[in-house]
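Okay, so here's just one chain, in structure tokens, the form predicted alone.
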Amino acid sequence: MKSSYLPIIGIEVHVELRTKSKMFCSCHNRHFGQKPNTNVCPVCLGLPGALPVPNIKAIEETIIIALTLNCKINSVFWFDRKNYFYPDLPKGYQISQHFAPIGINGFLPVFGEGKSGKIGISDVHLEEDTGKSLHTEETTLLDYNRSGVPLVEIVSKPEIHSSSEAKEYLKRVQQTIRWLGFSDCDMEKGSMRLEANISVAETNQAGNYQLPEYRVEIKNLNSFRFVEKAIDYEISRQIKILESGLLPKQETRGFNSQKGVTYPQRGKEVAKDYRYFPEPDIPPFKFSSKQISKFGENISEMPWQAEDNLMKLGVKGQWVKIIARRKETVRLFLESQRLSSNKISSQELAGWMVNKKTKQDTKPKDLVEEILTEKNKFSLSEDRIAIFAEQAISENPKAVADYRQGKTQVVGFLIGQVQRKSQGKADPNIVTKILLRKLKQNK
């Protein structure tokens, strides 16, 4: 990529809330793996005369999500009609938010390989999900079980500049929503769906740029890996067009994961194409600052704060990320550390949980007992292990010679010799470390 070009990327994340009922009716909020068109009613089927009744629980959860993402909550917000015609939208419009979303102007702390800092959030709004189209060779079938499911849309600002930044941001969004417990964010089941808006700006020598006059939206990305691949391909495609002196089309594209390429689907709509207007059947919502503050009280330590605390306890960065993926795993770590009474170091505990893939429903008492039992099994001191290692090396000159010729697999044989001499009481990790050190010294 030429240094004179800068990718401008915004991400839209759609998250299905797992409330008991749908957004505007009392149908069960279940659709994955269900028999088609069984959780439906006149409201979510868009039948004439059916009126929507908002799900207050979904609204409250969206307010908490917006607060977690450091958004300003609109004290007055309402729902709007987004008008478009597609078979999976039975009413001919979607009840969404456009003019006054629940949350605006937030940010999300992101720390990783691709990005360290904050990525801005444009808005957090609530809408109803559409039905699902099932395509066969002969026809298209429609399942409306998903129609009307509460759907939170989190829209980032165009502040992402690479596919790796996008991936880190999306991981953080998923981690945060799971942390709150409002959705499983399972992309295989469709409860978290991703869309990327991409354009490429030409920069001057000072690195300044103007937002491009176009943007390309890539729809229906269902894995972080596909997001990375689609963005990288699209950036390369757009740069080639710009270098030819043309401007890329503003359009919606799909992603062929097998070929690793994007392909055109349709022209990209703009807001006026949807003819938004306030939903006449649902009055505006008003929340006082006191009520909004009350919602904020439900927000405890967040993932990035937990990561910071784990690092202060001496846990390695790579293990911090894994342990802090879930609130339950962090709780397990902290409670286990407390019960161990300093008999297990933070690093030992973290390493055990990561390497043994400890389940998050494990009881802290059982975890501590398991680790201490394993530790006590290896009762030999390093000095005693070193003596056995010296003996194993001196008694097996051929293995040592093979090691010096590059046959590193013989180290496993020598470890076995030390373990035989120690009657299995030597920690294999310490044995390996001492053997390698002594083999290098004897060269």
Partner chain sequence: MDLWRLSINQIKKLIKSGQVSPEEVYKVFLSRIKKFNPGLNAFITVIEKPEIDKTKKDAPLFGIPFSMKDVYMTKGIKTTAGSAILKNYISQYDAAVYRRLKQAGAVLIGKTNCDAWGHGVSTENSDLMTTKNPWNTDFVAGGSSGGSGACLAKDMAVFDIGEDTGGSIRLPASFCSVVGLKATYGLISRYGAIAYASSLDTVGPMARTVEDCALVLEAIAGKDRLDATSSSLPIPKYSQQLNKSIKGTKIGIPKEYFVKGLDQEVAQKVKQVINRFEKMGARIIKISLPMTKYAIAVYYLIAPSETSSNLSRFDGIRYGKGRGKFGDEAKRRILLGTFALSAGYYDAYYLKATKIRTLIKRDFEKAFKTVDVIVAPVSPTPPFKIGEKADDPLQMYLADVFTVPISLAGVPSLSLPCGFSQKGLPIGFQIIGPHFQEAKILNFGHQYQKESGTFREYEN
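In this text the structure is predicted, and so the values were computed from the model without any measurement. Residue numbers count along the first chain shown, from 1.
A second form of this protein, the form predicted together with the partner chain, is not displayed here; the remarks below concern that form.
In short, of 379-387, 51-59, 403-411, 64-72 it is 51-59 that has heavy atoms within 4.5 Å of the partner chain in the predicted complex.
When the partner chain is considered in the predicted complex, only one residue from Y144, F333, Y169, F182 comes within 4.5 Å through any heavy atom, namely Y144. Residue P90 is the only one of P90, P212, G120, P248 with a heavy atom lying within 4.5 Å of the partner chain in the predicted complex. Heavy atoms of F85 reach within 4.5 Å of the partner chain in the predicted complex, making it an interface residue.
Among residues of the shown chain, G46 is one whose heavy atoms approach the partner chain to within 4.5 Å in the predicted complex.
When contacts are judged by a 4.5 Å heavy atom cut-off, R81 counts as touching the partner chain in the predicted complex. Using a 4.5 angstroms limit between non-hydrogen atoms, D308 is distant from the partner chain in the predicted complex.
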